[in-house]
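Given as structure tokens, the chain that follows is alone and in the form predicted alone.
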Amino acid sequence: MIMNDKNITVAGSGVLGSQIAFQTAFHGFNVTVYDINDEAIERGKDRIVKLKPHYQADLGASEEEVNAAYNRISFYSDLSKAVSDADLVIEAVAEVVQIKTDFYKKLGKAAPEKTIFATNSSTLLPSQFAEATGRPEKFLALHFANEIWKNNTAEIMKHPGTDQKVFDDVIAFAKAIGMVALPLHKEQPGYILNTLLVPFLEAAMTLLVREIADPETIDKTWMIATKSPMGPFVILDMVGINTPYHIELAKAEATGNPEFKKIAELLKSEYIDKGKLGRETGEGFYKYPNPNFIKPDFLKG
């Protein structure tokens, strides 16, 4: 169904939402981007425009191709208009349970009966929101990695009530937009990628809040010892610091673990409150566009 009509709405124009929208449009789909107000829409437009040179440099796309992709995207701050003819809505709003629940209740009323809903949540399960959607059989998870055009994984995860045809349809859609489709047949918090990645990033942040070592030393250790091109704090800057903050805050509230709370407090007071949100804002754990980890002598002691 998605493959025939090709109308996709992306709800949320943050770092990953913008990437999903552009990747989808680049592969020939008509894309509508929804966000909560005109100011958020303008920020989303700016993020998407800045993706064009990456597609040209990394994928060899022509200027004509990236401009055509951008021209296939429309923008709305009115949810009803944004989803009026959507075959698939990909939700990429804040990683907060109540925000997502409220959004799905509104979306379920606004979207046509044909529309499939997919959450791009990094850590939350589709079954947590299935009832709120009003169409649990047409709801599942479709999770992308940051820098989607290069790190082209798409984890498709059903919940117990997802219709098999919907699952198969979304797998086909993921392949159609240049992804390597990775089906998950049971729910798993964190899917495959974040089941592996989140504990790794959390371990690095724990070392930091315990004052064991600074971010550059921790990254240097990992990069030298494993020959990895990125350390955990490089990855955190790429993801954006708001996302791990929300994850750690939710874990602190759910478990009462003081260490999760300390991580969340550190991220907020030393980074978020100071506008250091990661690579996108020019500073996070490193300063951009010339962070220390890219300098030739970074791994030399």
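One-based numbering along the sequence shown. Computed from a predicted structure; not experimentally measured.
Same protein, other form: the form predicted in complex with a small molecule, not shown, and the subject of what follows.
- Out of the listed residues Ile224, Ile212, Ala94, Ala172, Ala94 is the one that sits within 4.5 Å of the small molecule in the model of the complex by at least one heavy atom.
- Between the options Ile48, Leu267, Val31, Val239, the residue in contact with the small molecule in the model of the complex by a heavy atom within 4.5 angstroms is Val239.
- Judged by heavy atoms within 4.5 Å of the small molecule in the model of the complex, the contact stretch among the candidates 240 to 248, 22 to 30, 267 to 275, 58 to 66 is 240 to 248.
- Contact check at 4.5 Å (heavy atoms) against the small molecule in the model of the complex: none of Asp87, Thr115 and Thr162 pass.
- The closest heavy atom approach of Ser127 to the small molecule in the model of the complex falls outside 4.5 Å.
- At a distance threshold of 4.5 angstroms between non-hydrogen atoms, Pro291 is out of contact with the small molecule in the model of the complex.
- Residue contact check for Thr133: none of its heavy atoms lie within 4.5 Å of the small molecule in the model of the complex.
- Taking non-hydrogen atoms only, Asn152 never approaches the small molecule to within 4.5 angstroms in the model of the complex.
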